[in-house]
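Here's a solo chain for you in structure tokens, the form predicted alone.
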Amino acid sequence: MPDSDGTTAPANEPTLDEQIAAYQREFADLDPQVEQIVSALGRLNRRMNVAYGRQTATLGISNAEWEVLKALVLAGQPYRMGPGDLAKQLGLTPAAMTHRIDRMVAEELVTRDRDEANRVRVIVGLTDTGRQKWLDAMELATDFEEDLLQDLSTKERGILGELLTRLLVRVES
């Protein structure tokens, strides 16, 4: 059954309207407008992550590997970072980062070399294959995101972007 806004939840999940009604029944102080926004953002985030996961899988990489590729690209040329810096940026333990890098080196997505300036330090670098996977994933994501936002005008996209950025700043501060 569609929500009042026309969306339909998966069979195992209540619609937003049903969820909000249940919450209001159990918690009288609930602001339904706030709950609608927060729940919709949460559901959208989950569904987008699933969609991105499907896309990266078609390229033979995981979302976790995509995050490493993205971090290296964002670092700028020559697309290199220390594993500790990568782990910190991605919120991983050093051991988890090492395991991820091991897999990605085996898949030839990244390199792991000694830092010539400090032979104790290791540097992770993006390979041509890794950069191409990142570019391919970006192309798929761009198509998905354009489709996702197709019903919003340019002005509405701008407003939504500004509003979401304001929320993000509040959460991150």
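Since the model is a prediction, treat every value here as computed from it, not as a measurement. Sequential numbering from 1, following the sequence displayed.
Below, we turn to the form predicted in complex with the DNA, even though it does not appear here.
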item	value
Contact stretch among 127-135, 41-49, 140-148, 100-108 - heavy atom within 4.5 Å of the DNA in the predicted complex	100-108
Residue 94: touches the DNA in the predicted complex, heavy atom cutoff 4.5 angstroms	yes
Residue contact check: residue 58 to the DNA in the predicted complex, 4.5 Å heavy atom	no
Partner contact for residue 28 in the predicted complex: the DNA, 4.5 angstroms, heavy atom	no
Any non-hydrogen atom of residue 112 within 4.5 angstroms of the DNA in the predicted complex	yes
Heavy atom contacts to the DNA in the predicted complex at 4.5 Å, residues of 119-137 in sequence order	119, 120, 121, 122
